[in-house]
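As structure tokens, one chain now follows by itself in the form predicted on its own.
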Amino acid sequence: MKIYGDRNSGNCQKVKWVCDALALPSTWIDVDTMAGGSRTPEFLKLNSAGQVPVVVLDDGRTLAQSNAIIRYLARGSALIPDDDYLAAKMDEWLFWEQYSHEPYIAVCRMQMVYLGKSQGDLDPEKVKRGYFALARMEHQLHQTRFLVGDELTLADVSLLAYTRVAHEGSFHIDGYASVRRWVGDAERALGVPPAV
């Protein structure tokens, strides 16, 4: 399996973490999205949306969208609950991450780290929605060790990717004790070095 990704992307990191956690053989192929690497004719043949990550499976089929990829790769593993309801709760968090977390926390990070914007340049509504996302996570993680109970699932993999580097987009998690605790727990469970 080949993973086409940008190492600076949390969405791409999710795929690498799942492959590593499940010892799935894969080859990483760097795509520099800031230099237009996901817009080349060759890349667009893999994913016409021009987005990373994309995996090319052993049989040549391709799959895009980080949460769809990790859901496919983790089938039959402990990263997806056996209980159908808990698996659906995991999916609930996966959908929520792409709609109510990533568009705010990841986008503010991208604007500051890669586009050189200052904290004052950020859209106040994006900042507000990012903190709302952190507050929702805090509420859940005050009740459970991980997002869907006591065991790590793909929900945690998905939300860890950008939450652990939220400070790079001016989001401070100092006041979110349960989120801070969870970041450490999830990093350790995945064998991921702590973010700096």
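On a predicted model such as this, the values are computed, not experimentally measured, just so you know. The first residue of the shown sequence is 1; numbering continues from there.
Here the subject shifts to the form predicted in complex with another copy of the chain, a form of this protein not shown in this document.
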| request: May I ask you to check whether T27 falls inside a 4.5 Å heavy atom distance of another copy of the chain in the predicted complex? | output: no
| request: Report whether the minimum heavy atom distance between T33 and another copy of the chain in the predicted complex is within 4.5 Å. | output: no
| message | Can you tell me whether K117 touches another copy of the chain? I mean in the predicted complex, with a 4.5 angstroms heavy atom cut-off. | response | no
| query | So, in the predicted complex, is A64 in contact with another copy of the chain at a 4.5 angstroms heavy atom limit? | reply | yes
| said: Counting only non-hydrogen atoms and a 4.5 Å threshold, tell me whether K2, S178 and R188 all contact another copy of the chain in the predicted complex. | reply: no
| task | Taking another copy of the chain as it sits in the predicted complex, which residues of 19-45 have a non-hydrogen atom within 4.5 Å of it? Please list them. | result | R39
